[in-house]
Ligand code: FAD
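In the block that follows, a single chain appears as structure tokens, in the form predicted on its own.
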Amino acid sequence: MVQSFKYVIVGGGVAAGYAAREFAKQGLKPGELAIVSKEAVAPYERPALSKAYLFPESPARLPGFHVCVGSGGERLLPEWYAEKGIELILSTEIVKADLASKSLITAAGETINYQILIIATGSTVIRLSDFGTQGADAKNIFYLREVEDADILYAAIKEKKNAKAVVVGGGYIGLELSAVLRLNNIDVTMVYPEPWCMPRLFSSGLAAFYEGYYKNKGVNIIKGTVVVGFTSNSNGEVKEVKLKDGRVLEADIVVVGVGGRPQTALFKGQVQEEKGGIKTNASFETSVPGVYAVGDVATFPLKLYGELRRVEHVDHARKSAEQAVKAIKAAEERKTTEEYDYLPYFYSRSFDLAWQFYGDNVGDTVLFGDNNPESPKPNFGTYWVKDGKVVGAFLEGGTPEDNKAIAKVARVQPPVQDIDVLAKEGLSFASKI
């Protein structure tokens, strides 16, 4: 079977949903657009999976968090796509992409032809079996990327009463899942090799707060060592986690969050790559005309810092998808579109905490505010200062106005005369900008 469309989006995650909405906004004829997804459901807001999806009380479920609710927009249910004449080709894996002939081959051997392609394949999780970790194929070792993964993990949480869980990794997934497992009254131990949690973003001062807070919530933290193997019981279920430092931890559930890898294999050798992703221009067009790449897989010109970057975050997935569609439609009308001028943004929520970060985390760090893990309402932050300017800002427990203020600081990059004064001024420095 051969199907042909004017526009095809490969990948059915966050970026695909936001791109579809932008296409509909820009004007689309029925039958022009198809989204091809390995998953069985319409695009949804992936961050929900490590948060509300696993809550013990009234957990989030689809259709509740289909895109574009994550940014306050309309929820695009499968019927919305049907009404707009957008074809959702679900439970379909693309096994070959031939950019020269503008065709995609599915696992079932069918062909999908396109005129314009948007690559929105996102990331895949890195598995411990990729490193040859002994016993990593035991049952009840979980990874979290898709709704299906979350369903399997949720079932295990419900089934194992008074369970012991080991969370491997101290980044986003590790912190968010450790929190949600504790909310389910599970005994949690986090294990990671770095000297502190979330090392790609947090300074040691920031990390000290979160580690202290998590310990107060009953999360046991083991730093500076790695998992080297697992043992399982006679049912093949994980029983113990062996660490490099010789310790052995009991475990009924293991959740692994050791990072992701952009899914670019289909396009290897056909498009230019850089910094682990597919190189694009400011319109997210690749080195092949008519082929665009968005979200996690795109290495794009970050105007604010004058360099090429790849950003793995839902905010960029949403915005890059919209930018690519605007550029596609502008090119058809021989118009130009505004340049993508992205301010890096990351956020997380766990327990009663919520933080936001904007800008770049390079240079000297200046910690301000109340970062005592015992505080009833922690409210603190950090500025990053490079070449006498504030280039990044982080805030825990801020109001919407506070968060807007730190975003503005990261965008404007105001000069700083005295770091000690900046530490004393704290948030009031941002509100003056």
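Residue numbers here begin at 1 and follow the sequence given. The model shown is predicted, which means the values in this text are computed figures rather than measured ones.
Not pictured, yet referred to below: the form predicted together with ligand FAD.
Trainee: Given that the partner is absent here, does residue 169 sit within 4.5 Å of ligand FAD in the predicted bound form, heavy atoms only?
Mentor: Flag for residue 169 set to no.
Trainee: Should residue 322 be counted as a contact of ligand FAD in the predicted bound form, where contact means heavy atoms within 4.5 Å?
Mentor: Output for residue 322 is no: heavy atoms all beyond 4.5 Å of ligand FAD.
Trainee: Is residue 402 near ligand FAD? Define near as a heavy atom within 4.5 Å, in the predicted bound form.
Mentor: Output for residue 402 is no: heavy atoms all beyond 4.5 Å of ligand FAD.
Trainee: Find out whether any non-hydrogen atom of residue 313 is located within 4.5 angstroms of ligand FAD in the predicted bound form, and reply yes or no.
Mentor: Result yes; residue 313 sits at the interface with ligand FAD in the predicted bound form.
Trainee: Could you tell me which of 76 to 84, 131 to 139, 198 to 206, 343 to 351 sits within 4.5 Å of ligand FAD in the predicted bound form, going by non-hydrogen atoms?
Mentor: So the stretch in question is 343 to 351.
Trainee: Could you check which residue among 126, 144, 222, 331 gets a heavy atom within 4.5 Å of ligand FAD in the predicted bound form?
Mentor: Going through each option in turn, the one that passes is 144.
Trainee: Just give me the single entry in 266, 186, 249, 288 that has a non-hydrogen atom within 4.5 angstroms of ligand FAD in the predicted bound form.
Mentor: If I apply the 4.5 Å criterion carefully, the residue I get is 266.
Trainee: Can you tell me which residues in 409 to 431 come within 4.5 angstroms of ligand FAD in the predicted bound form, by heavy atoms?
Mentor: Read in sequence order, no residue approaches ligand FAD (within 4.5 Å, in the predicted bound form).
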